[in-house]
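Take a look at this single chain, the form predicted on its own, given in structure tokens.
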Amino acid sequence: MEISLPPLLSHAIVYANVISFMTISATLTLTKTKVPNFAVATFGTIGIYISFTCIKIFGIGLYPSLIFCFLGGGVIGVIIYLLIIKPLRRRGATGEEMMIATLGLDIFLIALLNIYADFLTRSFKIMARDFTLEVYDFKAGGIDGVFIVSTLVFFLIFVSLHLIFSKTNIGIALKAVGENPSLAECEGIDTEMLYVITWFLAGALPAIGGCFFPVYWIANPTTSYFVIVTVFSGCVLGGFATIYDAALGGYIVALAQTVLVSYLSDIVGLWILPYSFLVPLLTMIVTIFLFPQGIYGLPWSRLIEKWHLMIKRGGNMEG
């Protein structure tokens, strides 16, 4: 028996999974290492090309390549920390200087990806730009495999991160380092190792998301340009606070950008579709002006109390 899943819903959830991997990564680097990583979306593009290389050059399947995306992205994250972030930190670089450094890193990585794409095209005679990997996906009961796998992987990784941060000594130490690294060092915590772990995750998570992206959308070395606004809009909405708010913020913005714009196109016409990037941009602006701490800073207890009061009043009126 086949289950009919609307293509819009499938695309929206997969896109939300991809964006949430990146918002969690960006939030981790900022909260744990105090570095605003503007190259986070390009880490996702690196994942795209790791998966592409596994499939086209080594004959590895789309989903088995996930492990190489995780490890490869993580190793690149660690290398970037050791070669760029760590030396800048030792020299006392400010947050603004770190931000400029990651912006420069982003440009450098995109240039390397362009060189790599040209190398693949010339050496292996394969189209390494403007490609999709949809042909390597599968269907199960009428549902696209990318919807199943991306959602399952996102859930498993999110639960794993929750357990690590809440139930293990490493998670507790990471929280201490994020709040006060100097005090954490005085307590005997190996902050250097924790920074390495954080940057491994910061590179691995977007790379995993990148593996899923080209199944539905065209990919090239500059794919990050098209998702970076959505990623940081989700981070701003989440308040750059915790992985939970980051994931929720990423999901909200991604779903609004896909589902909301699609419904609006039915009302006002297809001309609105190219302007879908305005949704994350406007979300970011509204969040900054109305509740700058994002979802994390909202008075949830008061909002829930008001909600219960409204429900109670509605019940009394019906009585």
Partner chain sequence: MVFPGIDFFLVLIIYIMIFLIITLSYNLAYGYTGIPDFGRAMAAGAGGFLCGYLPGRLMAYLMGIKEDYLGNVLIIVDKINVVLEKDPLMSIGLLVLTLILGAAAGGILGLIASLPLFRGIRLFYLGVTLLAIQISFNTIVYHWEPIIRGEFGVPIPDPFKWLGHYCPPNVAPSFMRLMGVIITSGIVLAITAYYCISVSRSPLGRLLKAIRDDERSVEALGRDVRKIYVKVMTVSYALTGMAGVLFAFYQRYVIGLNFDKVAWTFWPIAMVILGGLANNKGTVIGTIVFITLKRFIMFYKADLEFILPFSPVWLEGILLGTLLMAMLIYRPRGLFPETPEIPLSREEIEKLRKRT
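Numbering follows the first chain given and starts at 1. From a predicted model like this one, the values you see are computed outputs, not experimental measurements.
The same protein also exists as the form predicted together with its partner chain; that form is not shown, yet it is the one meant from here on.
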- Are all three of 67, 183 and 185 close to its partner chain in the predicted bound form, meaning a heavy atom of each within 4.5 Å? no
- Query: Of these, 185-193, 67-75, 159-167, 115-123, which stretch puts a heavy atom within 4.5 angstroms of its partner chain in the predicted bound form?
  - Reply: 115-123
- Message: Please tell me which of 148, 243, 101, 128 lies within 4.5 Å of its partner chain in the predicted bound form, judged by heavy atoms.
- Response: 101
- Query: Given that its partner chain is left out here, which of 140, 152, 83, 218 has a heavy atom within 4.5 Å of it in the predicted bound form?
  - Reply: 83
- Message: With a cut-off of 4.5 Å between heavy atoms, is residue 136 one of the residues that contacts its partner chain in the predicted bound form?
- Response: no
- Is residue 229 a contact residue for its partner chain in the predicted bound form, using a 4.5 Å heavy atom cut-off? yes
- Query: Within a 4.5 Å heavy atom cut-off, is residue 292 in contact with its partner chain in the predicted bound form?
  - Reply: yes
- Message: Taking its partner chain as it sits in the predicted bound form, is residue 38 in contact with it (heavy atom to heavy atom, 4.5 Å or less)?
- Response: yes
- Query: If you look in the predicted bound form, which residues in 63-91 sit within 4.5 Å of its partner chain (heavy atoms)?
  - Reply: 83, 84, 87, 88, 91
